[in-house]
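The data below hold one chain only, encoded as structure tokens and taken in the form predicted alone.
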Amino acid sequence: MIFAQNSLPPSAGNLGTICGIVLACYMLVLLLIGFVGYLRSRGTEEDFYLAGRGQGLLVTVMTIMATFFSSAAILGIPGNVYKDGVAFTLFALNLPCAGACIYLFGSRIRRIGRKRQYVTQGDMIADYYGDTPLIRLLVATIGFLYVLPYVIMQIKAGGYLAQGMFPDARTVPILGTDFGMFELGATALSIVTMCYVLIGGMRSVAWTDVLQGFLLFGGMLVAAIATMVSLGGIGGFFKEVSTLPPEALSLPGPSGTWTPWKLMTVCIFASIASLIQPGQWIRLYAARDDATLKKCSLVFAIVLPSCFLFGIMLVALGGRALFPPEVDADVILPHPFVGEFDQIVIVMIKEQLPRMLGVAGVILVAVILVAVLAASMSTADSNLHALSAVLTRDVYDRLLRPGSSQRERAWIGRVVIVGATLLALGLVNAGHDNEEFAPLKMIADLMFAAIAFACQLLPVTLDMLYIRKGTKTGAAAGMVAGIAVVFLFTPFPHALLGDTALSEKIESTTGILKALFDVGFCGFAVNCAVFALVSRFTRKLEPAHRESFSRDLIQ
């Protein structure tokens, strides 16, 4: 994701200055919110991670939606629409699926979480299946495999956005080292995000998510309006879109990627996995009551698809009409003016708004670029906060120092946030300086499998909440099998095995499956099969335990 140095209209010559002012104001507001969150905090573990379990409708729905949409929502997803046309717009179907997931899972998770004082998803899953170290470690591992790649990607997005905001800025010497805008942007995003998470915990994260969510959704809609106006209004827009090549107006799209089966499994399983990952699970615990989550599911299912379909999707389709991709030897390439597929939203707003509105348009460009940054920060803060909870509660407290106090765990959680931020920032900067830096290349590829790893919690979630037929051994075996299957779709098997016959066989098989289905669905299918089979022949959970758990879920 590298921003092209496109020429801008004369009125956009002061974009960097305006971006700097808007960005500085935005960062200061975030830190102020973090400080206010600190003043409201009680210093306990439950307050740091769950804000006292009293979040109302506005905060709950905004923090869930802002966490759901990362920078990929306003950069990567439009890039796919720009590349594959109308076919990928059907990806928006995952949003109503996610809303239904909040309705079906949310109230039960919140209710038993309050009664039994759960903080992480590991608390609930381990409690139901016998609270063994293995179960907790497996759940924590899945959470870690989801969280870390997302934090790294959001930090990278901060670096690239800084390059886009200040394309002509010089390097800044600090302690004998020259820092470019990428390093400065990534560092600034990391430090500011880390600070307000450290200061106020869940309360600050959720409150900043409200601001970031409004910026993100407003930016989507403003960008869409600018695109339609630039193409002559609604009629002109659809006239231009109707001239797209036939393959861009039908499945599976120009690249042949989005077959009906793959779209269906992606929409269902990616959406559910994104709602049962650690950060979202914590948000379900933090809601004030069942009514809050039920209303939240309705708002989520209406607002997000609307912003998606009538916002960035329109920008990407308009961009495809104005800057059509090129085909070279059956390979689809972005228009030279666009540079990269995921730059299409940035290119469109930087080109159209200043031409339409002059200085006011430049200000709107700055606000929308900050909205993209908000999308990155709203995901980074939620995932840092969740990773802290997972490592502190499920590893430090249960395995390393059992019986530690809530206040001690809250401070250890802050240490985890600092360590995770510095680790992610170090990997991002190392990878930027050296494109062949293997660990970062693997993590970047792993990002696309992160949701698939989170999906491996779905079988145990369904069993706990509704079925209650699985066993402790079956749950562990299923998660191990699911993780192993998803692992085969990542670059790690090739890195471990090298250019061997086995490695080629794995790549060939996973390539065929990946073309047909969502990766998370492939792991889920194996996970379920192993879970059911092993549970059939292993010791059942005590009936009294299952009945007690069931009562706490529904009462």
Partner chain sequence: MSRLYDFFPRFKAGKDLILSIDLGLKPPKTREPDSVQNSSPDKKKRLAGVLFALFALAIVMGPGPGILLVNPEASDPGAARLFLGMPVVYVWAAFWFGVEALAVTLAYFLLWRKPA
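Positions refer to the first chain, counted from 1. This structure is a prediction, so every number in the text was calculated from the model and none was measured.
Omitted here: the form predicted together with the partner chain. The next part is about that form.
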**OP:** Determine whether any heavy atom of residue 246 comes within 4.5 Å of a heavy atom of the partner chain in the predicted complex, and answer yes or no.
**Re:** yes
**OP:** Using the partner position in the predicted complex, report whether residue 325 sits within 4.5 Å of the partner chain, counting heavy atoms only.
**Re:** no
Subject >> Non-hydrogen atom contact residue 274 with the partner chain in the predicted complex at 4.5 angstroms >> reply: no
**OP:** May I ask you to check whether residue 89 falls inside a 4.5 Å heavy atom distance of the partner chain in the predicted complex?
**Re:** yes
Original post:
Non-hydrogen atoms within 4.5 angstroms of the partner chain in the predicted complex: do 103, 302 and 309 all have one?
Top reply: yes
Subject >> Candidate stretches 470 to 478, 261 to 269, 346 to 354, 143 to 151 - the one whose heavy atoms come within 4.5 Å of the partner chain in the predicted complex >> reply: 261 to 269
**OP:** Answer with one of 333, 298, 172, 134: the residue that has a non-hydrogen atom within 4.5 Å of the partner chain in the predicted complex.
**Re:** 298
Original post:
Exactly one of 73, 284, 417, 241 has a non-hydrogen atom within 4.5 Å of the partner chain in the predicted complex; which residue is it?
Top reply: 241
